[in-house]
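First, one chain by itself in structure tokens, the form predicted on its own.
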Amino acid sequence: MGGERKGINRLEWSAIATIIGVLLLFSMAIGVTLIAPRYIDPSWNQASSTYQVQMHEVSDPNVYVSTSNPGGWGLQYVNHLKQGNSLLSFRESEGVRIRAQEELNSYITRENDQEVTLTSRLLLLRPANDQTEWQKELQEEWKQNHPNWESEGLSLPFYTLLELYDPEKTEAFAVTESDGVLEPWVRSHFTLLGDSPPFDISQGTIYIQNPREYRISEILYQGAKNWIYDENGEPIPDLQELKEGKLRFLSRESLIKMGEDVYRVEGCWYCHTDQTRTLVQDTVLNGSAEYPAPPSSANEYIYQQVTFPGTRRIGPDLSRVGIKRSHRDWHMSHFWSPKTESRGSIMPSFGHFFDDDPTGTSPNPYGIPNFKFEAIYQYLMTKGTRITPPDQAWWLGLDPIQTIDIIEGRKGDD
């Protein structure tokens, strides 16, 4: 009996020691993954760039997205502008000319100016009144600068003619020159007129280029009242009107969060990873046509509620898809019928990302994209696009991680 009792005691102590060991290992794992990075490598929980911070915290909450005119299948991006909070630029280019009253002329960046003029004052552009007369004046000036234009086979230029004005508002809604994925960015060579915005611009800043007030008009479409963008229509009175009722715009921030949830619920992470590893094949396959992609780092994911690094690559990795596949049309076709864009793909069709078009009037051959598609598209467009500012972009060969040097074994050589 005594021997059996001692054996039981040894077994009990062994179990206790095992439990203590498991708890210690679990505590160490928690410390290594959650606590240590805060003190050992701050880059784990800090943004990878000022651009990333401004995109997530300044731009996304104030960029609103909706479908285009009735029967269309594009997107409209509308910026919510606020006095003292939005940095604006009014910039001429080869085909754009801007004029203003004398007191506002200093806010215009002329075509040959070396510095971009930015302001947090709420100003807007609108089509100039005397379009025909001004157009002729500019074309005559161009002819004088190009006396042999006819013999050289040149065509007369046609200009977009805009007027800068003060809407005398503290907030407004505007359409701008942006593709909805990357925003205009300037690191240096800019002048700020007026007060600084309530975010750090010391390392560069996002700005809104050539904003024109977003106005709408009601039309009768398929027997029902609907709306279209009309620069001569009625302005949007407030944010509630933009988000509710007939317009129903959603902020890009909201769509990205919804897209992350769609990605999780649909199980995309079963087949797709979201991590460019430090392997040559990863950096090359995830890169652009000319340049390899930088390996993923922890701070790329700090704005996500859930991170999906994944373990199985049945489908391609998605960590750089915002650069490699930025066209919305491609994603519509791919979700509707994957084999049409990726030969041999075993990805199922996501037809439930589209609604039927019973009238048959939409030019979209895939059905009408619904909020699930728009949400996951906006989420995917954050992948690889916000690591560094556009003027330091890895896809332009300005990779701060020096991926090519790592691949070719030159990293660290003196």
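Source: prediction; values computed, not measured. A residue's number is simply how far along the shown sequence it sits, counting from 1.
Form predicted together with a small molecule: not shown, discussed below.
Undergrad: Using heavy atoms and a 4.5 Å cut-off, decide whether Y263, E266 and M347 all contact the small molecule in the predicted complex.
TA: So, yes: the whole triplet contacts the small molecule.
Undergrad: Only one of 290 to 298, 77 to 85, 162 to 170, 270 to 278 has heavy atoms within 4.5 Å of the small molecule in the predicted complex; I'd like to know which.
TA: Checking each option against the 4.5 Å cut-off leaves 270 to 278.
Undergrad: Can any non-hydrogen atom of T191 be found within 4.5 angstroms of the small molecule in the predicted complex?
TA: Although the small molecule is absent here, T191 would stay clear of it in the predicted complex, with no heavy atoms inside 4.5 Å.
Undergrad: Can any non-hydrogen atom of V321 be found within 4.5 angstroms of the small molecule in the predicted complex?
TA: Yes.
Undergrad: At 4.5 Å between heavy atoms, is W227 in contact with the small molecule in the predicted complex?
TA: Outside the cut-off, so no.
Undergrad: Can you tell me if R252 lies within 4.5 angstroms of the small molecule in the predicted complex, counting non-hydrogen atoms only?
TA: No, R252 stays farther than 4.5 Å from the small molecule in the predicted complex.
Undergrad: Could you work out which of K243, R325, R212, H146 is the residue within 4.5 angstroms of the small molecule in the predicted complex, going by heavy atoms?
TA: Of the candidates K243, R325, R212, H146, R325 is the one lying within 4.5 Å of the small molecule in the predicted complex.
Undergrad: Let me know the one among Q131, S342, N105, S333 whose heavy atoms come within 4.5 Å of the small molecule in the predicted complex, would you?
TA: Contact residue from the list: S342.
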